[in-house]
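Next up is one chain by itself, shown in structure tokens, the form predicted alone.
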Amino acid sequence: MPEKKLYEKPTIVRNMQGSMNKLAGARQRQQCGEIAGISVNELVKGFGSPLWVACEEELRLKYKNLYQAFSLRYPKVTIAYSYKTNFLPGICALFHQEGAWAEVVSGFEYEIALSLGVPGSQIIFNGPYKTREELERAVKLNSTINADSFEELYELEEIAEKLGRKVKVGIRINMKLYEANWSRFGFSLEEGDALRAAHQIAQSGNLTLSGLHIHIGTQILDKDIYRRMVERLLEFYQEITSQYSEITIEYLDVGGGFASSNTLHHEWISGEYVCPTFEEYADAICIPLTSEFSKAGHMPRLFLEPGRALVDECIHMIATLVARKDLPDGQRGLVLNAGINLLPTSYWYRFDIKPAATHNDAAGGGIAERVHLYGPLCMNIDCIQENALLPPLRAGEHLVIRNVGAYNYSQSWQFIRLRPAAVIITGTSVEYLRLPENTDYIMQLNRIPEHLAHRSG
């Protein structure tokens, strides 16, 4: 008896500008049936769906390429991996194997670094809020501390006095460079706060100014902003070192913010075409530095604090289609088992999303349609992407949401659904980076007061 085919109500697919081919039909020929040589179906069978999938070889290559681009242009370069971007210990450990320091912005991240065997002297401690206990530990372990406020400088003064030692400290500077400037962090250059901070440290008997730090934002596509930033940082460097002979700047920390190939929602051009190369970022930063310090005879260490540029394109998510919807406006809606609780950067980025299976004309699945991709959460805001161009898909098919390594795991949360597993592909083997969560894990820190522990009636 022939298999009964599922009836599906026909829909009219509107062709949109930019999606037409010569036959007046938008076609989706690309698919992603495997990740780093391992089939998507095999990954789902072994580890479930949804699933974060990291590629070890790609992660190591990203690090090597970034380090090479900068070290060929400046002789003293140190990369400190930004833990907040993705703090999975296995990811952090991989970069430490490659030679990276740790850049942390909380005591929680600091403890992860220590647990991975990173010495305190190879931890850069940034961020607008560091508790006194965290600061004191960082001082005792000789970490690089970049102060964010005058209050923090006062705390460090007291800690230095308590410990009876002079403490080296850097200051975070902000400057007006572009419209979306991150002005809330550090000491303002234009308002004179940065100079006041340098003066306060120079007059202190307990602190020594050893570094200048700046981080101008994230997903910075205009490499020229970095050049202007370095030039102004050098002007400030010259100003304070000429005023205070006792100041010796040991390092310049230019932060991160280097872009990945992901596409912001407001961008008309795909991110892969506008994302600068590591070499272009390195030219913008290192050329003015080399020009300045080659004459001076003293070359401070250059710290970089990349995150997104290292991990975003090396980690993907597998999701599964669980339902199809015909929406009142004539659009098609697809419900996935991965929502914004796992992919919070959906608010900012138009992801590269590909079906795992091939859909061709012979199978009747070649004509692509624009669909809205929703997650499984019982909230109207749970939309992964609007107007995604995909072939007709059926429930049970898998999709690969590419380039989700930055800020998705670290900002994910347990809302309605628990967080899935994360794995890493090494050659032909696949290993857990994190086990899938279960209810016991979620409940282990909860406490129910005795008078609430029994149901009435």
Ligand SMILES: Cc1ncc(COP(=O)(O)O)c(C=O)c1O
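Everything quoted here is computed from the prediction, not taken from an experiment. A residue's number is simply how far along the shown sequence it sits, counting from 1.
This protein has a second form, the form predicted together with the ligand, left out of what is shown; the following refers to that one.
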- Query: Taking G333, H372 and P391 together, does each of them reach the ligand in the model of the complex with some heavy atom inside 4.5 Å?
  - Reply: no
- Considering the ligand in the model of the complex, find the one stretch among 251-259, 200-208, 337-345, 157-165 with heavy atoms no farther than 4.5 Å from it. 251-259
- Message: Going by heavy atom distances of 4.5 angstroms or less, which of T218, S149, S106, Q122 would be at the interface with the ligand in the model of the complex?
- Response: T218
- Message: Looking at R73, R350, K84, R227 here, can you tell me which has any non-hydrogen atom within 4.5 angstroms of the ligand in the model of the complex?
- Response: K84
- Task: Determine whether any heavy atom of K130 comes within 4.5 Å of a heavy atom of the ligand in the model of the complex, and answer yes or no.
- Result: no
- Task: Find out whether any non-hydrogen atom of H316 is located within 4.5 angstroms of the ligand in the model of the complex, and reply yes or no.
- Result: no
- Query: Using heavy atoms and a 4.5 Å limit, would one call Y407 a contact residue for the ligand in the model of the complex?
  - Reply: yes
- Item | Distance check, T144 to the ligand in the model of the complex, heavy atom within 4.5 Å | no
- For the stretch 123-146, return the residues whose heavy atoms include at least one within 4.5 Å of the ligand in the model of the complex, in the order they occur. N126
